[in-house]
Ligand SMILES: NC(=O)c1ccc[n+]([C@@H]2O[C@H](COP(=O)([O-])OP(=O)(O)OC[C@H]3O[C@@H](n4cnc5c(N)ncnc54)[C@H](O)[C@@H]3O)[C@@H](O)[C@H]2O)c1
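Only one chain is given next, in structure tokens, and it is the form predicted alone.
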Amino acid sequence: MNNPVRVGIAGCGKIARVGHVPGIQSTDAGQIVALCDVDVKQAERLRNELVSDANIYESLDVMLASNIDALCICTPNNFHYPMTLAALKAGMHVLCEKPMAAGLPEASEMISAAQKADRILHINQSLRYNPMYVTLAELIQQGEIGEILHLRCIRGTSNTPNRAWSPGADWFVSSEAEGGLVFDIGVHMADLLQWYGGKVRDIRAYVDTRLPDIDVPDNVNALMRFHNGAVGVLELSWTLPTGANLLEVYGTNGRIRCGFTEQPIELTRIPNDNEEPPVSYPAPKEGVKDSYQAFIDAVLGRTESPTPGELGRDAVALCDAIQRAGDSGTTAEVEY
């Protein structure tokens, strides 16, 4: 057994409490030894609830100078870039929440810094570790629906994250903190669409703010053309009264849908004379490694990170193009 990977947590809000802390604790070699937050009381609450033996730091620089090997960045978006650079410079491996940055130059600099430091930069594109979405990717890769023609994704909630998911976390709806729907939900869906359809060539988008008390997008409708000739539609909202969660992928030989019924995956094939009934419900793959174990494995040199900085940058690239297309009212090319 390797020595424990000593992990520090920067940002002690909800994503740390429900994701990173229990996630690292569930790994076979990760140990949380340090917590850092400008709100010391929040760090103390997290320590009392989940990590009673962790040290608390008010300053990231002081924590980085302590005895840690890796840093989980669980802060508002505008801190991801500077904290990642600081941690890499200090010799730490980094697990950074999505989006890794709000712009392509910053994302590229983070990747270069990780290469220069010879450290892992792992982005928490968490849907890449979801058994349902992993199964969907494998079905596509196995040719179950043939050549991909069209992708459609709708994802919405009835309220903004600072009112529903994490009450009081107003950075989600702050442009100063680089919040907003495009880089919140959009960065997840952008990654999925590129996982299944390949890279996107260009985008037309309608980006809107409907709620009166925020200054970031809360509704997005985007139409995209992929380099392989497929087309895609992405619909995102923080103002859908009933919410929405549906992903459809159409190919030359059939269709896959997920996220809409009690059966998580529906596979429909184009029937022929020798085929069984065309609709089936593949079970999500069991034993899928989560993002935290994947990070620890990468730090220990067991495997490469499945979601490195380069993949995170691709998701940022698509979100950046959506935002540019929406702002300009014209077609925006995706700048990978």
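Note that residue numbering follows the sequence shown and begins at 1. Just so it is clear, the model here is predicted, and its values are computed rather than measured.
Form predicted in complex with the ligand: not shown, discussed below.
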Is there a heavy atom of residue 84 no more than 4.5 Å from a heavy atom of the ligand in the predicted bound form? no
Would residue 165 show up as a contact with the ligand in the predicted bound form if we use heavy atoms at 4.5 Å? yes
Should residue 280 be classed as touching the ligand in the predicted bound form when contacts are defined as heavy atoms within 4.5 Å? no
4.5 angstroms heavy atom contact with the ligand in the predicted bound form for residue 326: no
Among 37-45, 306-314, 293-301, 64-72, mark the stretch whose residues have heavy atoms within 4.5 Å of the ligand in the predicted bound form. 37-45
The listed residue (172, 250, 195, 226) that reaches within 4.5 Å of the ligand in the predicted bound form by any heavy atom is 172
Quick one: of 219, 157, 77, 130, which gets a non-hydrogen atom within 4.5 angstroms of the ligand in the predicted bound form? 77
Could you tell me if all three of 6, 89 and 119 have a heavy atom no more than 4.5 Å from the ligand in the predicted bound form? no
Residues in 91-126 with any heavy atom within 4.5 Å of the ligand in the predicted bound form: 97, 98, 99, 124, 126
